[in-house]
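Before any questions on binding or motion, here is one chain by itself as structure tokens, the form predicted alone.
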């Protein structure tokens, strides 16, 4: 037991130094006026009042929710489809599984710059092939584009969905085939119901992830535009802190994001507990 504690000590120290201390500092700054030049000045709930009346915050929150509504279903369908398609034991499926995970390990900046070239209205190949020259200058075109480029980064969800699919006993499909069930019946009445609990948890996890991963593509591809259509909460926090030097107010927004994430985690825990207790 003592050896286990010693092995975990570097992780605990790193977690406290890199996550715990910055979180405590951000919590303290959320109730101050701090520009980064002068020392923080305690203002109580002034930042909260400013947040409630801040139309830019509510607009960025709405943009973030739109992104979640667009991206999460697409990502989950793509992860599930890839898991079902590459579940077969063949050379093609064996070669396809690493390819399905590959975009996830590409650095976010490199991935965003690649899509910036693909979607470039002047010399981008997608603009030349499909005539999408105005895609990133249209608000909804930009929103849909950022949601679509996230569809290829489904590595973790794909691996989990594939593992769940492979954990289903083969004799269930054999029994269904003996009873005359076709592929669609096996998918809709056997595969999806058995995978639903894990897929539900993956969906909630993807919602949490989508609150954070949209910063780099929105920053590099659209810079929050056009007309603030892709100004998501992480990008708004970044601008507030490092463009307008309102670090105290930016901490308040970040704390609000944490509260939203905590609510989602609480919902996830309750759903997981309900599935576990269901006979």
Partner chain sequence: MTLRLRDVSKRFQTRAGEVKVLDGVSLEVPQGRMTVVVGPSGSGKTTLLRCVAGLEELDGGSVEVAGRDVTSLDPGERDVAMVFQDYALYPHLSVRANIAFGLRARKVARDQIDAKVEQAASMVGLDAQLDRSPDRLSGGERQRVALARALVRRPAAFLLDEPLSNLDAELRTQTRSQIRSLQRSLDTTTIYVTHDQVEAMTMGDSVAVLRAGRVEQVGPPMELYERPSTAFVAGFLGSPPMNLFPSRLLGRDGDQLCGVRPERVDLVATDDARLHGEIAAVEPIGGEVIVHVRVGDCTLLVRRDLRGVGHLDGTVGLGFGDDDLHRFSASSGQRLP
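Note that the structure is predicted; figures quoted are calculated from it, not measured. Numbering follows the first chain given and starts at 1.
This protein has a second form, the form predicted together with the partner chain, left out of what is shown; the following refers to that one.
Mapping the unseen interface onto this chain, residue 109 falls outside it, with no heavy atom inside 4.5 Å of the partner chain in the model of the complex. For residue 174, a non-hydrogen atom is located within 4.5 Å of the partner chain in the model of the complex, even though that partner is not displayed. Proximity of residue 185 to the partner chain in the model of the complex falls within the 4.5 Å heavy atom cutoff.
The partner chain is not shown here, but in the model of the complex it comes within 4.5 Å of a heavy atom of residue 178. With the partner omitted here, the stretch from 98-106, 185-193, 115-123, 204-212 that lies within 4.5 Å of the partner chain by heavy atoms in the model of the complex is 185-193.
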